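First, one chain by itself: the form predicted on its own, in structure tokens.
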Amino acid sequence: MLETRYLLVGSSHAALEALAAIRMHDAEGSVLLATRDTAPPYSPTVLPYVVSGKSDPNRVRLRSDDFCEAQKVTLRSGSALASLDTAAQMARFADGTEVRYERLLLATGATPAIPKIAGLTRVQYHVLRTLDDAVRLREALGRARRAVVLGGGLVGMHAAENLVHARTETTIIEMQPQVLPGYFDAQAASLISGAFAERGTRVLCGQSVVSVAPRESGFALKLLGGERVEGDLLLIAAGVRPTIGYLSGAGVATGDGVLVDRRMRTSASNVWAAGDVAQAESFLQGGRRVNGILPNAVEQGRIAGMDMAGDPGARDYRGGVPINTYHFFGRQALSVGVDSLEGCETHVQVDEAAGRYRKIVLKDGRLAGIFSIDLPFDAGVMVELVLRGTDLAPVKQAFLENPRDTARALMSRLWR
């Protein structure tokens, strides 16, 4: 049986930030970093670039070869967490290894959500969540003639663009009335869909697949309305779910993910959670939500690590603010915050001919959301405006006309 002071399960941003925070306060306490991945630590955000060939899968690691030695960390790869006994402070892994810990961080991320479709198990399909997934999908691109992407979220749209660049006949099927429903409103989404349609992609929104059957050269999907869509490459990009199956009977409270407080503490003693697996406070919408984005993973990991190490500088999590940057066909779409709140005022600017769009949502003179296509702004600065509750009333008109420069001026004057 292995024993360690700190057990960090996961090896991406949340776990690595927690490790850095721990080492700032505790340079000698034993740390075991355990991950189901076989690859060295990497960021899931790089996967679309591995698929496109822009990034070498052997050169996407987040830390150097000597990182673990320099940080006095033991790394165990290739075995997922199987179960947890919080009373005994014992973690059991799929390969049979048992680890007794003093303090545990759950940063196990998320796994692809696979929809219940009749016949799906009879056909080959791809997902995109790990480095191995990206390599397999990259290899499949070169052989595909007709591809179907189930899901019009960020993963699906990134993959679809790679298929378009590979000159593959591509169809996107999305259950919601629009693509990217978690990030943009229908007007912005239509501009993005239009860019795909201009390049020959079929975008079928408000559609669901009822069954799939193998064909000699691939598969055939049957849609709810009766239409059949055939292809030889199928990508399931229907969202993700926090990886929490190992918590059955562990006494750790869960909802959509692992429920945590503002210090990333779970309901079990000496157990913290951070990143895509954590259901933490939402700044704008209230309650606790899973907000699986990189900036949140970094902040939550840092807070968890500081709290685990007993660092007196640890502070409460302010709450999650949605933020995403999406590049498509050389263009940029940005989203920060929420696109509607009760009692809010909304300002929209659209140039359909140029494909440019901006939406600003204010509540009581303060920023609640800002969204754009090819009208760039500093997303990190906008998040700070939201979190700080900066009163924009004195500069409201200037902000509506030029949010980027106005926000920069506010930052330089107020945040010193």
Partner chain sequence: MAAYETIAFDAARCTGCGDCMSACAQEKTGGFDHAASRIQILPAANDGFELALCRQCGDPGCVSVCPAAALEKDAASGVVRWDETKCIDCLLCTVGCVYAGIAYDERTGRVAKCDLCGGDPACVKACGEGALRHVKSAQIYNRYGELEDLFVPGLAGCQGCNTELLIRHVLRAVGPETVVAAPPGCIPGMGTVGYNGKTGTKVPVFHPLLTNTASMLAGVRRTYKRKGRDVTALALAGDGGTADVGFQSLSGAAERGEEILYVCVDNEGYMNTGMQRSGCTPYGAWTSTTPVGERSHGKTQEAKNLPLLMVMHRCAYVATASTAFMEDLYDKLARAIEASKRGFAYLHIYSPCTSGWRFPSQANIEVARKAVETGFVVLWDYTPDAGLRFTRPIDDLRAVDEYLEAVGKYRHLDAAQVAHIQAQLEKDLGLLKELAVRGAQAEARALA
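Positions refer to the first chain, counted from 1. Everything numeric here is computed off the predicted structure, so don't read it as measured data.
Just so you know, the form predicted together with the partner chain exists too; it's not on screen, but the next bit is about it.
- Contact with the partner chain in the predicted bound form, judged by any heavy atom within 4.5 Å, is made by just one of 298, 110, 229, 191: 298.
- Checking 39, 68, 381, 361 for any heavy atom within 4.5 Å of the partner chain in the predicted bound form turns up a single hit: 381.
- Stretch 59-67 is the contacting one of 27-35, 362-370, 345-353, 59-67, since its residues have non-hydrogen atoms within 4.5 Å of the partner chain in the predicted bound form.
- Contact here is defined as any heavy atom lying within 4.5 Å of the partner chain in the predicted bound form, and by that definition each of 45, 49 and 294 is a contact residue.
- The partner chain is not shown here, and in the predicted bound form it never comes within 4.5 Å of any heavy atom of residue 390.
- Using a 4.5 angstroms limit between non-hydrogen atoms, residue 325 touches the partner chain in the predicted bound form.
- Residue contact with the partner chain in the predicted bound form: residue 332 places a heavy atom within 4.5 Å of it.
- Of the heavy atoms in residue 103, none are within 4.5 Å of the partner chain in the predicted bound form.
- Residues 13, 17 are the members of 12-30 with a non-hydrogen atom no more than 4.5 angstroms from the partner chain in the predicted bound form.
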